[in-house]
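The chain below stands alone, shown as structure tokens; this is the form predicted on its own.
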């Protein structure tokens, strides 16, 4: 049978002699690669002098790849504008929070707000789209590269200042309305005109949180507009081609859902070991998964970007070996690259593309491994691609990506708000969301990560809304329908859209109509301190964040902290629930298991290294640990298509459930 799922690679032909290109294309085909991404960093090669284009080399490599039956993902080169362009308009550079320009010499050296730079981007994208839009090999396009990487969403430039003032004028219509929304009577911060407003940096102490949140919203909107400009051009000249952008992991500086609305599919760049060393602080967890990555990190982003792409998504860059950019860069265990790819396909990925084809002997990424070594010889990941290609042909993926029964609502504005006002420096909205996600995964529950809006939370048996910045009436009305079980807290509904505490106190009037509670005080707990839930020997506790609630007579309190405060409560029907703190893993597991039972969602206590993903009739099982694990109970009575009842380290099993 023919698998619809595909493998790809990122290729930089401009780095290698043209005499090598046919050999590279032949080796790609032999490995089973279908998609080849090219061009996203090549502006200086495409336009070496202003207005003088050299597209012949790009035409040549596209034709060579096409001759081997390969398909092209053509990247727009706007993440790396050439030096001559920066010299012509030096104010296009992004400006850091310290007020200093961030200069030429690496990449992403532009400000999203700079209108003249946008015009230059439109020009080069138009040239490429007209030239290659109808080429039969160019079946997909990638806009730019990793929007916001290296902290470039927020730019404190002159262009951003002018754009922000105009954005505020459109939103508020009058300075008086803005003053009311921002609460500018506080500290005598009132403005007489929009021209008086500055960017929220270089203040004596922290700037007004409402000011900062609006600047974050404005900056996110600039990313959306910048991307839409390119998408519109590509659609005009390359109709019917898939348009993507490659997002990053653990990155929330702009609204990925908003950007994705203009794309055909989402993609992201997956580096499990790099993220482990950068993002995981638990020493035991880091030690256990040092060479395979956190069992839930990659899957969290698969589920998030599947939602961004409305079911269509890719991994545009998959880690092939040690990378160069993490604090430390271990090599993966044998089989890890294969596990990562299968986990992506289990979550519905159309394509897994490895970064990169050949390790560069020059530049900033010399230590980033690839499918080929710097001398052009085969590396370990090349053999992994060949193995995967053979395996993919034997697994029927006709079910596509099926809907889960549990949803985790994820909201970029909430991430911005709690970054602006964390209250405790160790509090993280993304970290809170991952606690709930880990608990679901540890119980064998497949999850959809969805936008926090009314249309996307309907129809699930259980919806989790931890830390959601604002709870509107429309959103609450969409929740809880037809017996749907909802878990809120902590921090859910604790601000209005203008970054003010609700007049009725958190969690705000909409949620309080369903569950009669008020948050009267919050308590941020510095690590390693914690507050036990139940008695001190229970093993359940809150860390980092906890709340003190008052509750109405019809609220059912099921658990309290050791000092007597409400820990968990729900309404009489049991469908509206609130957790008044950030739970440790054991308490999160207990809470989620109870709610899954109430919602009729089956759970299974998995071995710590085992994760499963159910997709239609297929169950995928992964061993992220260093030892073999007996999974006989998980495959009993099922048609095993791959793997065995003893799953080896980095092992993958696939079975048919129906």
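Positions refer to the first chain, counted from 1. Since the model is a prediction, treat every value here as computed from it, not as a measurement.
Below, we refer to the form predicted together with a further copy of the same chain, which is not included among the displayed structures.
- Under a 4.5 angstroms non-hydrogen atom cutoff, a further copy of the same chain in the predicted complex has residue 206 among its neighbouring residues.
- Among residues of the shown chain, residue 166 is not one whose heavy atoms approach a further copy of the same chain to within 4.5 Å in the predicted complex.
- For residue 365, a non-hydrogen atom is located within 4.5 Å of a further copy of the same chain in the predicted complex, even though that partner is not displayed.
- The closest heavy atom approach of residue 421 to a further copy of the same chain in the predicted complex falls within 4.5 Å.
- In the predicted complex, every residue of the candidate spot (495, 503 and 521) has a heavy atom lying within 4.5 Å of a further copy of the same chain.
- Contact annotation: of the candidates 232, 190, 91, 474, the single residue with a non-hydrogen atom within 4.5 angstroms of a further copy of the same chain in the predicted complex is 190.
- 83 is the sole member of 403, 83, 386, 236 with a non-hydrogen atom lying within 4.5 angstroms of a further copy of the same chain in the predicted complex.
- The stretch from 258 to 266, 97 to 105, 575 to 583, 126 to 134 that comes within 4.5 Å of a further copy of the same chain in the predicted complex, counting heavy atoms only, is 97 to 105.
- Contacts between stretch 15 to 30 and a further copy of the same chain, counted in the predicted complex as any heavy atom lying within 4.5 Å, involve 15 alone.
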